[in-house]
Each structure stands twice: as C-alpha cells, then as structure tokens.
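Have a look below at one chain only, the form predicted on its own, in structure tokens format.
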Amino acid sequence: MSTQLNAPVNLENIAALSQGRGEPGWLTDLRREAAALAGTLEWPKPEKMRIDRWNLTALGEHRAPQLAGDLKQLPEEIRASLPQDAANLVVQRNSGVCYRNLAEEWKAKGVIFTDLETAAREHGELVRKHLFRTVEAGEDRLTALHAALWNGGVFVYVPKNVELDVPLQAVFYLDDPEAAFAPHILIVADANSRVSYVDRVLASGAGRTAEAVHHSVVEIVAGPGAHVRFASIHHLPEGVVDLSIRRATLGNDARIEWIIGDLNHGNTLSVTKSDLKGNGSSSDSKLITVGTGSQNMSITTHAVHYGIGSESEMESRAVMRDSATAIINGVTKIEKGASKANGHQTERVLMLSPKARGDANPILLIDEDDVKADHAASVGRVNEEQIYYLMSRGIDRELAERLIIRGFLTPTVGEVPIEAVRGELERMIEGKLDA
C-alpha cells in the first residue's frame, strides 16, 4: 500500500492508512484529530532559529517493508550498520519495522520490546494509557503532524522490579528517498525497574540523496525508583531535515540519563526535556554535535523541576566549522514548591572557522528560594597555546587540532554505554571533521 502523505495532510488518507495497518479505533481517531489540528497550529519557534524557512513539506509516502525473519534478508549496506548482537533489536526501514527480536529470558519476565504499531494492536490498553501523554499531540504543528503520521517506531515496557543487564537497540534507516520516515519511541519503565536503550538514525543508498523530513518523538515514563538510560545517534544527509522531540516524565526517585549525538549534515531541530515530577528524581543530559557546511541547528536541553530534592545536570558540546550555525540552549526551570532542587548546566562551543556561528544560551528560571542552580557557557576558538604545546613536541598543526577536538568531546562520547556504538560515534565525528 502506498498512501500519499505530502502536506497538506488529508483526513481520508490518514484514516485509510490507519485502517490498512489494522490499528484500533481509538488510534485512528487520535490520528484524525491530530491531522485536523495540524492546520490550525504554528511550527515551533526555537530561540534565534526560523525553522519555518526550512523545507518541512517533504513528508513522503507510506512505504512499509516486508518483515524479515533473518537479518540476512536485508541489503548488505544496511546489515553493515547493524550491531553484531541482534538478540534485542528492532530495525525500521523507511516507513515500517522490518525486523524485531527480544531474547526469551526477557519475554519470560514480562518485558515488551517491539514496534509501536504492533504494540498498539497487541497491548492496546497499555499503549493508549501512555501514548501522547508526555508529549501532547496538540502542542504545535510539528507534534500534531507527527501524531497523525508516525510510523514504525518502538515500544518498550519493563515491569516492576525488572532490571535488564543488556541494552535494547534500534536502528532507523532511510534508503527510499520518497518514503515517509517518522518513528515514535515510547518507553515505559515501571517502579524500580532499569533499562538501557540505544538507537541510531541513518540513511543508506538512495536515502542519502533524499529531500525528506525525519520527524520523531520520544516519550519516556519512568515510574518511582526507575532508572532509564537513553542513547541516540543521528547521522542523516544534507537533504534530510531532522526534527526530533524527546521528553521524559519522572516519578519519585526516578532517574533519566540522556546521551545524544546530533551528527547530521542537514538542518536539525533537537529538543530534549526532563520533567522532574517526583521528589528525589534526577536527570543527566549529555549532548554533542558537529556542524559542517551551511547547516542550521537548534539544539535545546530542558530540565523542569517540580519535585522536592530533584536534581538535573546538563552538558552540551558543539564543534562548528565551515559556515554552519548552531544555537545551543540550556533551560533549567525550578517551579514553586520544588525546594532543595539542584540544577547545573554547561554549554561549550568550539569554533573552527571564522564563518561558523555558535551561540550558547544558558537560561535559569527560578520560582523557589531554597534551591541551588548555576550555569557555565563558553564560545571560542581552538586554544593557540595548546596548539603550540603539541607542535613543540613534533605534532603537526592539523593533528594537534584534531587531538584538542577529541579531548573537547571525550567527556560525552565516553558516556555511550555500548563500546561498538561508541566506536561508531567516534568514526562519525571523524568523518564530519574530515568532510
């Protein structure tokens, strides 16, 4: 089935697509309502960045692949980007998931790890309870369009007191330049559970020449005492606009760790937010980006404190070259009543070109007296004294700069929880710097 989804969104197309997937009626209704809302809302307005000037209409056609029982059935170029261990893996190709696998030991403990489309059919009440609750469909045009058009995606449910000692992994890749590409990730961690999730967003083959929009939403619900680690690496080509919204809601003593690598070659909107609802909840966000060419990037990290004694840590590092522009925002908001809260943020931008632009904007919004909050921000070029020191030891200037850049990014790169993914992230960084 190939249903045209290019804007403006057609309500009949939305209903036909949903029914063709065999989705429950409540989800079809949600999609239709969101599609109707999309035309009445405006695009997000991030600080100092006009995303409405980007090409946001290339939403593509829904083209779901055949489900593969074995990874060998996938093209070689795609297999090369997959992790060696496929025991706990979901793979989305263009508009749908083509492979999913969860080890039997975790199934026996009640863990659910599958694509979101399947979960909506097989675990409808659980999905309905949480879908578009952390990120509401009617927030703006982007969230409304996504609620109407999302495809494939991932659903994770970890029962109470279950601790996964291996990561769950997902790969989302585009190899059809005309395909809709809009995964939705929903992670629900029940009380005192623990889970690590890692995904990569890539393009291969014809997808590298696409004029497309990748729009994704991540919703994470961490129950009391739950611990969720979320790592994501995005590496899409110049013609693909990446619009990614991530948000977590935390219960009492819950914890979220974000590790985000925005390494696209095209325009990027990346918003990562932790809502610290519970007392004693905590959030740790680490983000890196490398800007090249003429791309524009709006990178924002939020932490909103509601709970007593809640804590947040945010660190963003950007390397800018050529004529790229990056607006790096850090927002710590402490609400009235969130006494004993503690929020810290750091934004650092390293400039490699006089034509590049990097703005670091730390923002503290404090409505409570008995709290701690601080920030640090810096924008500058490679330190000439460090260059001189390295060159005095026989290292040429190019390698000296590269070593300084590596040292600048290492505090975040080193936090990626899987060695193979960490190595891939390092290679992607090197590739962007060499481009």
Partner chain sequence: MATRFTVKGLRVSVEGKEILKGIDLDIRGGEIHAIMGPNGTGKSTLASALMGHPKYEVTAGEALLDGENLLEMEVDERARAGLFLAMQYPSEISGVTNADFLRSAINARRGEGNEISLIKFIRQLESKMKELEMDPELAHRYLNEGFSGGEKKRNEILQMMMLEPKIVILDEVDSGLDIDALKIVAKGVNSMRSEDRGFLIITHYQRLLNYIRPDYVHVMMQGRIVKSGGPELAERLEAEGYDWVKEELGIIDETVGQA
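Being a predicted model, the structure only gives us computed values, none of them experimental. Residue numbers count along the first chain shown, from 1.
What follows is about the form predicted together with its partner chain, which we do not show.
Of the heavy atoms in Q66, none are within 4.5 Å of its partner chain in the model of the complex.
Its partner chain in the model of the complex comes within 4.5 Å of no heavy atom belonging to A376. Its partner chain is not drawn, but in the model of the complex it has no heavy atom within 4.5 Å of A58.
Residue contact check for L41: none of its heavy atoms lie within 4.5 Å of its partner chain in the model of the complex.
Exactly one of the stretches 44-52, 383-391, 364-372, 66-74 approaches its partner chain in the model of the complex with heavy atoms within 4.5 Å, and it is 383-391.
Looking at 213-241, no residue comes within 4.5 Å of its partner chain in the model of the complex, counting any heavy atom.
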